[in-house]
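In the block that follows, a single chain appears as structure tokens, in the form predicted on its own.
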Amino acid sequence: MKDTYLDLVNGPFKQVAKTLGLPRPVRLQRFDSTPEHYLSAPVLVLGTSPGAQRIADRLLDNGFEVRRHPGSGESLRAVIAVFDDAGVPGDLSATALEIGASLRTLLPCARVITVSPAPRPEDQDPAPAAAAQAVTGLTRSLAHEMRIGGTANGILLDGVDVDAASVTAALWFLLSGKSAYVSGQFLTVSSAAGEEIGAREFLATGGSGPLAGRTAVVTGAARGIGAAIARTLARDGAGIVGVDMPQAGQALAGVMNEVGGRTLQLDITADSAAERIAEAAGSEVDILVHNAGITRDRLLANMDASRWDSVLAVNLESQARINAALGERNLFARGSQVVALASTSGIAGNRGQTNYAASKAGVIGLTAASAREFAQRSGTINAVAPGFIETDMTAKMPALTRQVARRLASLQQGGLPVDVAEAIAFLASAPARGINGSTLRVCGQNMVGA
């Protein structure tokens, strides 16, 4: 749905909004709308560890302009702060303050990325555990302070160093317009798995894209977020099998004709769903995106069994059943990658959505619990949790509620279906195989809505 307020404050009412102190969201720079001058602006890499220098060298090798010390006065596209050697909370001070000193030089839609050890208090001594956890608080709070479309996110090193392939891939994702609506979030890299990829290759499309040569099955692909997922995965080189209910057949055919994909009309709750998906893929399943979902909202006091059971069956139980059946029948390819759609409703809860929130929280649990099994096949399973995304569903919200939900995000606007699709495309790529069992929120740092 069109955000008229966003258009007005970036047009005729820009000065009025500034004078009155109203929210002034900016148009985000996405994959297809990042200006050339932004791409040529320098990246500041902070930190004194050998890991910080290796990241700087990697950026240089990939054509980035890199600075290692603040204060040049140049406009920056990004700041990468490396805390990989922080052993006590006091070790954070110098680099954190250097980040602060650089914020006023950031371009619109700039990025701040922290790189630090993953907090694992059960395995860490108190001082390094405190330092690791402190970086997460720093990053989340900084995300609230970012201005004019900027974001702040973190990469967490869980038993790997900065040279891991998926650390590099996470850097390319967070630096790019593909992560425009991701802020205040963390990508945890927990293994050295993953294929090395350069920055240019990460942004390539079609036969040279990061998903080239692989087939992706996308459920709920006829419209909305599902259609955006199909288009984005196809852009990145994947062959698409779009799945949806028979009553959505015409819309599904339209999307598949657009991307050159194949259609599968299927009720995903059917016992035969896994076999039919594998048959439609034409081989073992490479990439599976569990996007299909429904809502049957009602306060719990007024909830009936039909509403509760149908939401759990489609949103959660079908995913578990299909994953299990494909695994038991050896229908997942080695290195297969699954991405499931969760929701911020499953994290924060939402009034009138106990059934929906239960199903989406269940997806997060299912994803985490399945990670070990997928790793045994050299594959991964992750989830993406959208927040307020501009879809037909959110268009039905009362106008005032919709406006409040948009402005509560740090980015002061709703996301687009393509923002969810970009995160899925990243997590479904071979370079991201070091990320497993995680849930990535795509919410503009907002916990409202689904």
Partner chain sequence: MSTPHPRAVILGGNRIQFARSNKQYAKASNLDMLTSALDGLIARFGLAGERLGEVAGGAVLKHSKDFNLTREAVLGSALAPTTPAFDLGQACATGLESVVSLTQKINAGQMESGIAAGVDSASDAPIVVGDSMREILLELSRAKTLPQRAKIASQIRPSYLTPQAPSTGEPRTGLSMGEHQAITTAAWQISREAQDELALASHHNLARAWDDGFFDDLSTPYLGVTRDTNLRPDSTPESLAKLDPVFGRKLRAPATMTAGNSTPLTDGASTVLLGSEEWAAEHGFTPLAKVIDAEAAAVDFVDGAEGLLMAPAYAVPRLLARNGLTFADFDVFEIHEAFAATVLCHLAAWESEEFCREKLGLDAPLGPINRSKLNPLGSSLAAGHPFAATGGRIIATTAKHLRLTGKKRSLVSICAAGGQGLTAIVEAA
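These numbers were taken from a predicted model, which means no experiment stands behind them. Positions refer to the first chain, counted from 1.
Although it is not shown, the form predicted together with the partner chain is what the next lines describe.
K.L.:
Examine G249 and determine whether its closest non-hydrogen atom to the partner chain in the predicted bound form is within 4.5 angstroms.
P.N.:
It does: once the partner chain is placed as it appears in the predicted bound form, G249 has a heavy atom within 4.5 Å of it.
K.L.:
Taking heavy atoms and a 4.5 Å cut-off, does R276 contact the partner chain in the predicted bound form?
P.N.:
Heavy-atom contact with the partner chain at 4.5 Å: present for R276.
K.L.:
Please tell me whether any heavy atom belonging to G260 falls inside 4.5 Å of a heavy atom of the partner chain, as the geometry stands in the predicted bound form.
P.N.:
Flag for G260 set to yes.
K.L.:
Could you tell me if Q265 has a non-hydrogen atom within 4.5 Å of the partner chain in the predicted bound form?
P.N.:
Contact with the partner chain, yes.
K.L.:
Could you tell me which stretch in 155-163, 112-120, 126-134, 241-249 has residues with non-hydrogen atoms within 4.5 Å of the partner chain in the predicted bound form?
P.N.:
Every other range fails; the passing one is 241-249.
K.L.:
L203, I197, A253, M303: which sits within 4.5 Å of the partner chain in the predicted bound form by any heavy atom?
P.N.:
By the 4.5 Å criterion, the partner-contacting residue is A253.
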